[in-house]
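We begin with a single chain expressed as structure tokens, specifically the form predicted alone.
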């Protein structure tokens, strides 16, 4: 079964827009888990425009499912992850001023750097995942870094799916998933997955362990309700 990890960055964005503590991330996290979510994901950025570093520390105390922290492994981020010790860290090569993640790692070019960073996390018992494009060569090279998993960057699939190019858009992801299985890597996926496309993606991607969904899930919840939407994703993933 594919686990659903809910990214709560958008809830933090809403909270920060008014300068108070509404919505309360701790309460929201507890509710999301009680609705059936099997993980909580956060992606703190250096400017803390949504998730703050302190949020990571506070959430560690209350998350009872899997806790996944995403981010670019700059020194400040590495220190935070080593302190908090989440279930999983997902390494994303986004620039400090990026609005959202927009590319996966070149696991060949950055191999030595990734090897060193991943070693530090694994020594603390933290499962590691590398954000990669749907490129079998990048997945294959990721296995040489010592990572436990890769997370497929699914924006291109979502865009192709929306335009009606379902089979064409899913094809490179199938090849990347097959390569992950071949080289012994666990497989995650995320970015622009939604209620519209998640079932098709799940049905075509073998051995998919986890999806991380935030923006679409929160937007859909404005219309359908958070508890209902979480369970709609769980139903599609089963």
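Computed from a predicted structure; not experimentally measured. Residue numbers count along the first chain shown, from 1.
This protein has a second form, the form predicted together with a small molecule, left out of what is shown; the following refers to that one.
Contact annotation for residue 39: none of its heavy atoms lies within 4.5 Å of the small molecule in the predicted bound form. By the criterion of a heavy atom within 4.5 Å, residue 7 is counted among the residues contacting the small molecule in the predicted bound form.
Under a 4.5 angstroms non-hydrogen atom cutoff, the small molecule in the predicted bound form lacks residue 180 among its neighbouring residues. Interface membership of residue 192, defined by any non-hydrogen atom within 4.5 Å of the small molecule in the predicted bound form, is confirmed.
For the small molecule in the predicted bound form, the listed stretch (209 to 217, 57 to 65, 171 to 179, 23 to 31) containing residues with heavy atoms inside 4.5 Å is 209 to 217.
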